[in-house]
Every structure is written in C-alpha cells, then in structure tokens.
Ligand code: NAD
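One chain follows as structure tokens, the form predicted on its own.
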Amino acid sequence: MGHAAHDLRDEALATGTLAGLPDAHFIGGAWVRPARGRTMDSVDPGNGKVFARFAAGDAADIDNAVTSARKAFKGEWRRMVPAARGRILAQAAAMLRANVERFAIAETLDSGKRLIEARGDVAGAARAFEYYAGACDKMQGDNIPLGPDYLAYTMLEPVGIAAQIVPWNYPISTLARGVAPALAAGNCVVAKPAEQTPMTALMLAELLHAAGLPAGVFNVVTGTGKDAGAPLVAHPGIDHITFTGSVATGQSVMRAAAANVTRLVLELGGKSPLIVLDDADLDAAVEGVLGGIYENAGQICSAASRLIVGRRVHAALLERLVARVAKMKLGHGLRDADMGPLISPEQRARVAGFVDRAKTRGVLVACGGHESADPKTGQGWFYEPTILDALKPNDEAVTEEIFGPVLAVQIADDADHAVALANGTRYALVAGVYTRDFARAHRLAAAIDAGQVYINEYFAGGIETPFGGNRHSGFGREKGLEALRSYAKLKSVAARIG
C-alpha cells in the first residue's frame, strides 16, 4: 500500500470522513441536485456517527434519470462499435484499480465492512468491467439451416433501459456485476443504491463518465426504497430490472414490474448450507466455514449460514471452530480487526432477537451470543461471532435468513441425510461441500438444489462463474457470460432467397 493510500486512511481515521464525497444525483453525465432539495445522512456503522450527506431523491428525480437514459439509448451508445464500448469499460477497470483505496475507504465508512474486504470488493468490481469489456464484441447470434432457399439467423439486441436496485451489503460489487454486462450489451442504466450505502455508486458514475461513457448512459439516483426505488421499478420507461434484496421486497418489485411486463432478474437471499462430510479435510473446512459466515459480519446473501457436519467429525470440527472464533477481534473497519459491525442498530437488534429466542428454546450457544461494540471506542453496532449447535431442521435459526454473524449447526448421519438437510429450507442460492471423495462431491452437487455449488473452497470462482438462486432465492443469473443474456433480447430473422 503506497503513501497516498496511507494518507487517505489516516484522513478517514482522523476526520471520520473523506473530503469531496458526492452529495447529488448523477444524471445525464453531471451532478444534479434533488428535485425537492432534500438530503439524507450517511452513517458510519463502526461508530454510529454521520460522516456525509447525500441527495434524497423521489419520483421526479427518477423520471429525470429515465428520460436521460432513454435519450442516451437512442444516441451514440447504441450505435457505437462494440469494440469501442469495450475500450471504455476497460478504461473504467483501469481507473478503478488506480483509485482502489479511495473507493474502499468510502465503502468501509458507508457499510462498516473491513478495509481489506472493501479493497477486495473494489478489485472485484474492476475485474467485472475488465471481463465484460472483452465480451462487448463477442455477442453474436447463430445461423439456422433451413435449406438452400432460405437464410435464417439470430441476433442479440440490447434490452433498452436497465434499472439496478443495489443492496447495502455489497454496494460496489453488486452494482458492478449488473452494470458491466448491461453496458457491454449496449444498454443504458439507472441505478438506485441502498440508502445506507450510496457513496461508491455515485463515485462509480463519475468514474465511468471520465472513462468515456457518454452522458446519460449510466445514471444514479439516491434515496429511500419507498421514495426512489418504488418509482424506478414502476416506471414505464424501464425495460429490465435487476434487484437484489429481501424476499418480501422482491415480491413487491415483481408486482410493480408486472404492470409494465418488465423483465426481471431477482436475487433474494439465502440460507446456504456448507456440508462437511466425515472424510473432509477439517483444516480446510474450518477456513471455509469461518470465511463463509463471518466475512462482512455474516451480512452476505450467499453466506454459509448453515453448517451441516457429519456426526463422526462434529465434535472435532466444532472444537476447532470455537477456538478460532474466540480469538476473533471486533473493531472499526479501518482498523486491523477480524470482523466489523452490522449495518444498523435495527439489523443488530434483528440478529440479537434470533439468538435470544434460540436461548429461550434451550439451544446450545457454543460461543458468542451477545451485542458488542468497538473495544477501542465503545461505539458502533457490533455483534459477537456466534455458533448455535445441534439445531433441529425446523428451528427458525435454520429456516430463516438471520443476515448476521450467526452459524447454525446441523448434524448429518450420512451424505444422503446431509443433502436432505441442505434442501430443507425455502432458499436455494448456493451450497458448499467438503469431502476428499471427489465423485461423491459431484453427486452431492447434482442432488443439492442451489444455483451454485462450491467444492472444497467456499466462495470459489469469480465473475466468470454464473450466480443466482432457485425457489425463494430468486431467478435469473448474474456474472459469467450468462449475465449478458439477461441484458439482451433475441431476434430471429428468416428470409426466402430462392
């Protein structure tokens, strides 16, 4: 990390903020004040203090952004040679890498996550733009053989205006994985980041414009879900919606989209199982479990929130996990801590409610189980890393998404029992399997209902591997080349030539 990076971190630690953070919408290639002149506070979860203010948008701002995007879509962006679009996305990737520390610190202040995690998120966002930059000129159709008297082929066209509703847990990561393929396919975008974490979306909008993106191609309106998000998904000028969030909100988005028959990709969270079979490498499994549940304080849609462990290794694995968790240090994201805070006092209360009810039911709390604070300042919205052991399949800690640093442990008698437990919730986003038997691992991967299965490394893969869920975890796929299909419409042409 260079001297300038140290200076930025020192500035943020000393002042509690960064100079020059955006406080307006980004519409039509420029900063635009909110139509009603209202603003909101952005709060650092690590200390509970306001560090910035930003625009509180509403339907008027959304309409302005959609109008700007529609105008841009009819302009040079759609007519641009695909390779030229790719060069702009590649330039954006390079600029993101050059500014990783500023983006990461802003992300840490906004979301509370550890700086090392935020740096990884920004690097991942840069990789997304780099990956899809190479796909711009490779979106091609097929020739259909109808015989010598006909010419038939398919072609991929941009959908139009894509709305991106971005969650607070991975602001820049989730935004980039949707925006990059949408732009690569030739669409224009209107994004609404979560009101808890708006900063990096606005910063990215400015960076993309500086990288050469024409005005109006990417627009960001900030504000609450009620005032800005709802008008966006209901706007008749939107052709596609990508939403990441809760099941309840996703259902509302679906209802709003139905009125205009708007295309959808929904990622609605999960209760993802990580299966550790009796023959697994326990050292590797421990690392997978810890990273899978305690990264970002467990606030991950695809978190390994359920550990399904073979009965014969249950005690040994739990002993190792508890020993490691006991050594974890809580602290502000800008300091050298093992886990950061939760996003808000409301989220901490939600997590505490699940654990407190589990205690009332007599569930064994193997470690953790209490609210906490930054030991250096006594501030912030922290919760101890927690393990709930030997849970029944119908326990709410097993069936409901807690979205915090709480690991629910289930014990399996054998591989078939493990699969039954894994498929025992309404969610089906991702899953993990640890075993030395590679054939059995792939049999389990086929039997588990999930959009993605990791084998012997939780969170394996990257932007190259498609991501998305089944059942109550949503539908549609992001990441990989599959994501391009979400932002393209297929046209077939058949002509008689003989």
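Quick note: we count residues from 1 along the sequence shown, nothing fancier. Just so you know, these numbers come straight off a predicted model, no measurement behind them.
The protein also exists as the form predicted together with the named molecule; that form is not presented, and the subsequent description refers to it.
### Message
R177, V253 and G269 - do all three of these have some heavy atom no more than 4.5 Å from the named molecule in the predicted complex?
### Response
Checked in the predicted complex: all three residues contact the named molecule.
### Query
Based on heavy atom distances of at most 4.5 Å to the named molecule in the predicted complex, which listed stretch, 168 to 176, 139 to 147, 121 to 129, 78 to 86, is the contact stretch?
Stretch with heavy atoms near the partner: 168 to 176.
### Query
Of the options V309, L183, A304, C301, which one has a non-hydrogen atom that comes within 4.5 Å of the named molecule in the predicted complex?
None of the other options qualify; the answer is C301.
### Message
Exactly one residue in G229, P198, G112, P273 has a non-hydrogen atom within 4.5 Å of the named molecule in the predicted complex; which is it?
### Response
None of the others qualify; the residue that does is G229.
### Message
When the contact criterion is heavy atoms within 4.5 Å, does G160 count as touching the named molecule in the predicted complex?
### Response
Flag for G160 set to no.
#### Entry: Distance check, M203 to the named molecule in the predicted complex, heavy atom within 4.5 Å
M203: no, not in contact with the named molecule in the predicted complex.
### Query
If you check in the predicted complex, is G331 within 4.5 Å of the named molecule, heavy atoms only?
G331: no contact with the named molecule in the predicted complex.
### Message
Contact with the named molecule in the predicted complex for G380, defined as at least one heavy atom pair within 4.5 Å: yes or no?
### Response
Close contact is absent here: in the predicted complex, G380 is far from the named molecule, nothing within 4.5 Å, heavy atoms only.
### Query
Which residues within 449 to 484 place at least one heavy atom within 4.5 Å of the named molecule in the predicted complex?
Residue within 4.5 Å: F467 only.
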